[in-house]
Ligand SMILES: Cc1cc2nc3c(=O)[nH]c(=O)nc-3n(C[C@H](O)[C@H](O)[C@H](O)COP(=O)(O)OP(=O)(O)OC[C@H]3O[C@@H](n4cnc5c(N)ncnc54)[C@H](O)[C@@H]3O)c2cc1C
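Before any questions on how it binds or moves, here is one chain, the form predicted alone, in structure tokens.
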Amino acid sequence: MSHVVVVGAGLGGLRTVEFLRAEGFSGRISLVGDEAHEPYDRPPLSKQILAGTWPEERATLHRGELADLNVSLHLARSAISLDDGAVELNDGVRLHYDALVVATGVRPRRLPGQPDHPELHVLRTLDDCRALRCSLSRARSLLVVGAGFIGAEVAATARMAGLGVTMLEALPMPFGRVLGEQMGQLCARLQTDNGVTIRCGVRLTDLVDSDGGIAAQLADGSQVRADCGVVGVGTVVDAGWLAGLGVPTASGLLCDATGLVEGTGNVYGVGDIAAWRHPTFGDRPRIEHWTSATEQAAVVAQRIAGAEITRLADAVPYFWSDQYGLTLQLVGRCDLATSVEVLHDPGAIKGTVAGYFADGALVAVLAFHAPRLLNRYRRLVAAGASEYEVRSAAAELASR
């Protein structure tokens, strides 16, 4: 390998570059990113950066000079096509590669007919965050469309700044599809206990201007108005530039358990766009988690550098969300669960822990600001512990 091209200058792309150098790879590396900013961390965008409690520079991912990595940077450039072993950029540059790492992530899903309005936002990039922060700074109310984790974190940031917040959700319950009914209700309580108005099971028919603000027209004829709004209704894969690979891309890049895109010999997927084959369950989920991108980058770097692969990525995925001073932590795959059981119920949201089971084995654990308990259960998730073993552990932990 004499030249590795990494397309996508977010967490997954930068970590791939860093791990390649750490593994002793001495060849050329080119890093392509469609934003002008140096690689930065995205989780603070909905929290500390949006709230203004962190300066933007604190979210910079690489501690030091990027030049120290001996990498050719192509920032504010995007890949537009791929053919004959080369990536073509929108400025006409062609980068021939021996190995290609695709770490371009995903883009926010937009609602059908979603208008371009100065007070209506999505949140994915630093520029998105700047625009939303500007709107919030002069607003008294916020409309959140979609009760997912991005919407919940933005709602929490806005409420803690004193704004009135209304959240609209098409499904009967926030987070119910992801976390199950009981834990979905608890996540909803975390919002409503802090003053957010949640309207579930509503169908939005239009978003319109309302005296410079934004108004949601609902199918029942009612209208919800706010000074500004944010749409958080999931993400979509944007991989049209990869058509030259001749492999499926609509649902993400289908990769083996070490990140190689199946049907290719030298193309790898890292991060949100990549659907890696799970080492235990054999399926290929796209896991849009911070830790997954880091783990995948390490494996891909080891494979490209010809080093021993020391661990497989995503064996036990990990996700967290900060809301109202509480940290929600999830380990494992709750999408596989057929039943949910509360393992610790302190009578409050804080300290609640739930286990997710499939065929009698623990596949995930969700904890509401209970890191000590979560660390104990993480090992049980990795081991696929039985319901009996999990209940025994819960009883032991409760007795301490």
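What you see is a predicted model, and the numbers here were worked out from it, not measured in a lab. Note that residue numbering begins at 1 and tracks the sequence as displayed.
Missing here is the form predicted in complex with the ligand; even so, the following discussion is about that form.
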| item | value |
| --- | --- |
| Heavy atom of each of Ser78, Leu123 and Trp290 within 4.5 Å of the ligand in the predicted bound form | yes |
| Contact of Arg333 with the ligand in the predicted bound form (heavy atom, 4.5 Å) | no |
| Exercise: Phe281 in contact with the ligand in the predicted bound form, heavy atom 4.5 Å | no |
| Close approach of Val7 to the ligand in the predicted bound form, 4.5 Å, heavy atom | yes |
| Distance check, Lys47 to the ligand in the predicted bound form, heavy atom within 4.5 Å | yes |
| One stretch from 63-71, 338-346, 354-362, 35-43 that, in the predicted bound form, holds residues within 4.5 Å of the ligand by heavy atom | 35-43 |
| The single option of Leu253, Ala155, Val300, Ala103 touching the ligand in the predicted bound form, heavy atom within 4.5 Å | Ala103 |
| The single option of Phe175, Tyr97, Tyr324, Phe319 touching the ligand in the predicted bound form, heavy atom within 4.5 Å | Phe319 |
